[in-house]
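Let us start with two forms of the same protein chain, each given on its own as structure tokens and named structure 1 and structure 2.
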Structure 1
């Protein structure tokens, strides 16, 4: 089924992208666009558009007289949200989740400390609203609602840090949190201690307490890693 708004090349990507990231086409594999066009029952122009998207992610490269070649994993744009989504959907999920959660543990505590110094009144209010939304959805198996507030919370922290590099990681963190929920790498209800920590981070940021905001966020990321030990060993 073609993804709404993405056209036929989106249909191709939804299948071919996960196949590449899952290793079904190892690095160095040559993909023939005419054969792929026949397989997916699309025109060559549609196939070329799909290849251009894969090239933008550094998953493949096109060479004259050779074809479309799968790049080594070390060259992939592993920060691309779509690449993250595809990898989380495959057998590499546990390692991918751990890698991304370690990234979060390195970045988010520092971002929270900076947010306590730089957050605007509006951003502080947003953080509080998100944290309260997480509390409201933390019981009764309301993981989808909880996820919306959780993603928004971490986006605000990264943006409020005032560091444009941290802010650009918002999509990466969103994919990690979404992937954990969609692939059942979450408890049926969030850990109450983690929910409380988010409320406390919002309070620390509002109070301008950088050390406390950083320490509390570090507790959140440590807890996320410990959950992976149980749910995605």
Structure 2
């Protein structure tokens, strides 16, 4: 949640963005700037700024004499944090959650392997701290505290990988983990096996054992896939 609604054009986006990403306007639909400005009761200047932002997300395309046409889903910039948030809040939330979890399963093991080779002493300490925090909150309906440390753990791993593309996925992972706790599964205490795996990953990274860190993280992500019934037999 960077800074939502920072201005009139932000408010427009908060409404129009979710509508478009929810698929309310089929691809090729045409919107008119003037009509939108009327609908949201803002000036054309403000509406134009909003359209520019939507355009930079590849959600729409603005062409003269035609209007603002909605692009097909396949062209959307699905890595834009805003777009991710809008879609997670919308109807195809489950689908989105699956896509992101699969992405996690590809990236996090490699990131953990790199972290084992690049992590600073401080990052190793943070990692151990997070893992211990997870252990401490793993029993007795302390899901909020558990989630907090879980998110922090994965964020540190992605950071410590030293790869900027991986590091930028911290927010995505946070959204996925948060969403999972809040909605879908995990009514009771978290899987003890998962907790153990996190502790072991922290150890492996500290020991500089890249292969082991990668393998253990792969086990974690396989668990995440199974939770969503994404099998790979």
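Quick caveat: nothing in here was measured; it's all calculated off a predicted structure. Numbering follows the first chain given and starts at 1.
In this pair, the copy labelled structure 2 belongs to the form predicted in complex with another copy of the chain. Two rigid parts rotate against each other between the two structures, and the hinge linking them lies at 103 among 76, 22, 63, 103.
A rotation of 13° separates the smaller rigid part from the larger between the two structures once C-alpha atoms are superposed.
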